[in-house]
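We begin with a single chain expressed as structure tokens, specifically the form predicted alone.
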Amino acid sequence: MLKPAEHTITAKNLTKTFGDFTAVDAITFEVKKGEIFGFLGANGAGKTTAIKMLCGLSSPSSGEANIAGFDIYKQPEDIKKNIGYMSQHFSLYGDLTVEENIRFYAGIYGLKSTEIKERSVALIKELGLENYAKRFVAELPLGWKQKLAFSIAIIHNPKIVFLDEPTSGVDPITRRQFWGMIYSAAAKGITVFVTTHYLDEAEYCDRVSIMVDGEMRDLDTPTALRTKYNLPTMNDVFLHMAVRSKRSE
């Protein structure tokens, strides 16, 4: 297995079974610091189960993994403290204001009161939400909500941030702005582990893996995958791989 210091995520033969059903089947891969890693797969491919293991929320049935320098079996709580997570479903509290959401989550992430105040002010200014800081989050447009949720997910400067379909439902302009934020986070050394159903977004990733029936069927740069399968887009590559699935949704 690769040394944890060389990568923020390493996994070897990571497996999760539920009775006779194998949700994740012996996946092996690594992700470098500051890398934008795309994790693709159709519904039922095993992506969510794999992410739950990587986040320390579910114990593997077998295999090995080291996340942010911590063992997936022995140190799940340390893993949780060193990662950020943004759900595909909007996860902030609509009945709290922008400021209240920031303070609440920053406190959960363990920031001190002085850090919370400083980062709250900086985040609101960075997002251009000065006039909305006292407004309920439910009143914000979806695009602003998603950008706020991402910013809160990395407010504690985690080593890794997991993004589960973060741009689902937002308009093309906001999607581009959101990816600008992802690039900025990666440039600061944060590893970005992202799932998406927008296959054009796979082109923005440094490397992309494709899950089919619980297996990681391929992993490489978007350019290398398109070349390997002699297909013009990542959408074509994904469809080529996904049609081989034997699982029904």
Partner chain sequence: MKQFLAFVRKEFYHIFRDKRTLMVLFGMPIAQLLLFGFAITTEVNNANIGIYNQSPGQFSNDLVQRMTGSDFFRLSANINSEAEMLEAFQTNKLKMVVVIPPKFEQNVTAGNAKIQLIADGSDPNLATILTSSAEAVIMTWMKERAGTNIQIETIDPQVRWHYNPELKSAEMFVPGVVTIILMLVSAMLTSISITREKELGTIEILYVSPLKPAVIIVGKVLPFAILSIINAILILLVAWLVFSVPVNGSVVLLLFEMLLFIMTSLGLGVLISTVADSQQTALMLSLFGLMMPTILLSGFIFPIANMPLPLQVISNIIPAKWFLIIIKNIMLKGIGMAYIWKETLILLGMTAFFIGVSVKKFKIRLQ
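Positions refer to the first chain, counted from 1. Quick caveat: nothing in here was measured; it's all calculated off a predicted structure.
Omitted here: the form predicted in complex with the partner chain. The next part is about that form.
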query: Contact test, all of E77, F104 and G110, partner the partner chain in the predicted bound form, heavy atom 4.5 Å; finding: yes
query: Touches the partner chain in the predicted bound form: S168 (any heavy atom, 4.5 Å); finding: no
query: Proximity of W179 to the partner chain in the predicted bound form, heavy atoms at 4.5 Å; finding: no
query: Heavy atom of D71 within 4.5 Å of the partner chain in the predicted bound form; finding: no
query: Partner proximity in the predicted bound form: R119 to the partner chain, non-hydrogen atom cutoff 4.5 Å; finding: no
query: Of E126, E130, D95, E139, the one that lies within 4.5 Å of the partner chain in the predicted bound form (heavy atoms); finding: D95
query: Single option in S59, T221, S184, N43 placed near the partner chain in the predicted bound form, where near means a heavy atom within 4.5 Å; finding: S59
query: Partner-proximal stretch of 30 to 38, 192 to 200, 50 to 58, 205 to 213 relative to the partner chain in the predicted bound form, 4.5 angstroms, heavy atom; finding: 50 to 58
